[in-house]
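A single chain comes next, written as structure tokens; it is the form predicted alone.
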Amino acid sequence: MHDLGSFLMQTLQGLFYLLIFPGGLFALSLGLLFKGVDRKLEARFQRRVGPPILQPFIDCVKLAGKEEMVPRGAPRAYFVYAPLLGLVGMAVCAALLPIPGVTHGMTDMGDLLVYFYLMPVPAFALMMAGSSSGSPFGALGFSREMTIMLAYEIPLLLVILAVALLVGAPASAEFSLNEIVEFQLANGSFGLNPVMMPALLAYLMFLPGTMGVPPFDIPEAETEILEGPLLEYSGAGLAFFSLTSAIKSIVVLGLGVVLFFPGTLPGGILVNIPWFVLKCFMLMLVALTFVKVASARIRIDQAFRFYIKYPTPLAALSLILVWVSR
């Protein structure tokens, strides 16, 4: 009976993490809110009025009520389940995310290697959507998404290795997100460590690529390939892609906070949740909003060269410095 009660308690706790907090409703609501604020700030920087901050919520509700059309000749299973695949992948990532001073997330699974494998899931879902849509624009978007994903995953892997080696020094590498947080709470944030500053810059450059915002919105370029993989989507399928993007924004921003700025404030949960949200917002402002406003779309070959030429060497530099200092 004790084992059964323990199992039920763990199951309920896991469902809470997945459906309510830090994943589920919390990550989804915060991600949609961030998208609304981002669009409003972008419009203000460009001297436009912009949409209401709650417009992403309104769009998702409207899309959920519309009919979903499946193109003739498209493999229905792949076309219908591709959006759901991306959403589930990001929901699990959000549930694993520790919020410093608040929750450890799903501690049994929450490590950097799991994140590294799950974070590309939305890109795979987008590629599945493009390849199954039967549209040449979708196929072109699939090709572009695959190319840019291969480019930005390299610096992410190097950043993860640099963090893990620094926390596990001198004997091994430590991939547990909670151990990474505890190490920084005791020894100072990596974002203020000279050895890790190149890795921080590399992670900031990784963010616009993985989120598909200008200048790296090449797979869905509206003026060139008409939203590419998303062209044939409508109704609930398109809403799922929007929800996936919202949760992913919190996952990648929150991971940046955990890896580089996990410091907490006295005051418990009521203080540290807003503190976490504020740090995520500042990362969004610096790495997404400002970049999006100040730049125009580049070509896929330029994007690939950018990630090989700049963030990859920066992340490699931090990795080498950590290795030398062990």
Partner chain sequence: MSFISDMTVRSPWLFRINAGSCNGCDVELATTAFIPRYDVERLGCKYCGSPRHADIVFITGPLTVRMKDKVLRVWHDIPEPKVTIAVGICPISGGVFRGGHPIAGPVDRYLPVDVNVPGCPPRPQAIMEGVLLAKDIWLERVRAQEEARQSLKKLGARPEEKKEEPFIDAGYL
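As the structure is a prediction and not an experimental result, all values here were calculated from the model. Positions refer to the first chain, counted from 1.
Separately, the form predicted together with the partner chain exists; it is not shown, and the next lines address it.
Ser29, Ser295, Thr264, Gln55: which sits within 4.5 Å of the partner chain in the predicted bound form by any heavy atom?
Checking each option against the partner chain in the predicted bound form, the one that comes within 4.5 Å is Gln55.
Given that the partner chain is left out here, which of Thr147, Ser189, Asn178, Ser234 has a heavy atom within 4.5 Å of it in the predicted bound form?
Among Thr147, Ser189, Asn178, Ser234, a heavy atom within 4.5 Å of the partner chain in the predicted bound form occurs only for Ser234.
Determine whether any heavy atom of Lys66 comes within 4.5 Å of a heavy atom of the partner chain in the predicted bound form, and answer yes or no.
Judged by the heavy-atom cut-off of 4.5 Å, Lys66 is in contact with the partner chain in the predicted bound form.
So in the predicted bound form, does Leu230 come within 4.5 Å of the partner chain, heavy atom to heavy atom?
Yes, Leu230 is a contact residue.
Can you tell me whether Val70 touches the partner chain? I mean in the predicted bound form, with a 4.5 angstroms heavy atom cut-off.
Taking the distances in the predicted bound form, the answer for Val70 is yes, it comes within 4.5 Å of the partner chain.
Does any heavy atom of Leu161 come within 4.5 Å of a heavy atom of the partner chain in the predicted bound form?
No, Leu161 sits far enough from the partner chain in the predicted bound form that none of its heavy atoms falls within 4.5 Å.
94-102, 189-197, 131-139, 252-260: which one contacts the partner chain in the predicted bound form at 4.5 Å, heavy atom to heavy atom?
Result for this chain: 131-139.
Can you list, in sequence order, the residues from 28-42 that come within 4.5 Å of the partner chain in the predicted bound form, counting heavy atoms only?
If the 4.5 Å heavy-atom criterion is applied to the partner chain in the predicted bound form, 28-42 yields only Arg39.
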